[in-house]
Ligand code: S3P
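In C-alpha cells, the next block holds one chain alone, the form predicted alone.
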C-alpha cells in the first residue's frame, strides 16, 4: 500500500498503543508449555507474533481466539507433557521473525524429536549460532544446512537437558530467553551470568507462572523441576512502538501528547533517559506495578533538543529505538555521535547503512561509521524526490514520522512493512493528523 504524508502541526492528543511484541512472543511460548489454560489479553497481532502462534499451533497447541482483534482474549491450552507435541516433517516457517526463530530454538531443544526451522529471505541472513552454541552446551543438537550459522537449521531436542552455568558473551535478551525457555521446558537447572542489563520479560513471566527462578536483572538462577501453571496475562502497550510518537512529540515545541498504558519495565525505557538528556519534557503521569510488568501513562511535551552521544555501553538497552533516536538527533542542535552499535547491522536490515542512506534522502547531514553514525543537526527535512520504499518496519515508520516534519509531500510505499511490529501504525498516525485533541 502507498500513502502520502505532508507536514503535521505539533502533535496534540491521547493514544493507546497495541500490546508489547516481545512479551506476546514469550507469553505464547510459555503458555504453550505450561499446565492448563492461560488467558492472554491485549496481545500483539503483528505478523512477527502471528509467526510464533502459527508454529505453536502446528505443534499441536490449542489457540482459542474469542475474537481476532488486538484487544480481545486468547485462551491457550498448554501441553505440559513434552512427548505430546506433534512431530512435523516439513519446515516450521518463522517467516520474517528473528524472535520467533531464536525462542523456538530454545523450546524445541527440550522436545525429543527433530524439527527444521526456516524463514524468509531476510531472516535466513541473520545469525543463529549465538543461540545454538549455548543450547548445545545444554545437550541439544543442531545441524545447519551450510557453514554460515543461519537458517534453515535442524534441531534434535532432548527430553533431559544438562544443568548449565553460562556467561553471556553477546548482549542479547533472545539468547538468554532461549536458554531459559529450554531449561524450564526440560525442568533443568540453569544459571546465567550477564555483563549487561537486558530485557527481563521471560524471567518475569516464568516467575508469574510459578517457576523457581531468582533474578536481579543481571544474573539468573533457575532451579530444576520447574512446573509452569497457566495464568491470566494482560500485556501492556509496546514501548518500542510508542517510541515513534514519543520522539515525534518530543522534538517539536508546541506538541503535547499522552500515551496510555505503556510498559515501563526499566530494561526497556532507557530511551526516555536519552530524550531527557537532550532536553525533552517527559513525565510519567500514572505508574502501576500491580502485575508482572510495570506500566503507566507517559506525557510528552515538545522542546528544543540539544545533541548527545550514545556510548557502546548504552546500546543494548536501546537497540530497537536507535532509528527514532537518530530522528531526534537530526532535530537537535549540534553534533550527535552513536558508537558501539554494530548489532544494528544484523537486524531485519543493516540498520546503520539504512539510517544513513534513508535519512540523507530527507536532507539530514549524516556520516556512516563502522559501528554507528554522526548527525549534524538541526535538519531542515525535505521530502525525497522519489517515493520512499524500504522493507524494514522500523525504518519505514521512522521515515514516516520524519515526513510529518518535512517540506513537501512524501510518498511512502510498502507501508505493510509496519505489520511486522505495529500493524495499526499508520491508522494511529492519522489520529494526530485528522483528530487532534488537547490531552
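Numbering follows the first chain given and starts at 1. Bear in mind that the values here come from a model prediction, so they are computed numbers and not experimental data.
The following text describes the form predicted in complex with this ligand, which does not appear among the structures shown.
- Residue 96 falls outside the set of residues with a heavy atom inside 4.5 Å of this ligand in the predicted bound form.
- Taking the partner from elsewhere, residue 319 is found to have a heavy atom lying within 4.5 Å of this ligand in the predicted bound form.
- Although the partner is absent here, residue 185 is not a contact residue: none of its heavy atoms lies within 4.5 angstroms of this ligand in the predicted bound form.
- Mapping the unseen interface onto this chain, residue 228 falls outside it, with no heavy atom inside 4.5 Å of this ligand in the predicted bound form.
- Proximity to this ligand in the predicted bound form, taken as heavy atoms within 4.5 Å, picks out 20 to 28 from the listed stretches 412 to 420, 425 to 433, 5 to 13, 20 to 28.
- For the candidate set 336, 194, 172, 265, a heavy atom within 4.5 Å of this ligand in the predicted bound form is found for exactly one residue, namely 172.
- Only one of 130, 260, 158, 73 lies close to this ligand in the predicted bound form, with a heavy atom inside 4.5 Å, and it is 130.
- Applying a 4.5 Å heavy atom cutoff to this ligand in the predicted bound form picks out 347 as the lone residue from 344 to 363.
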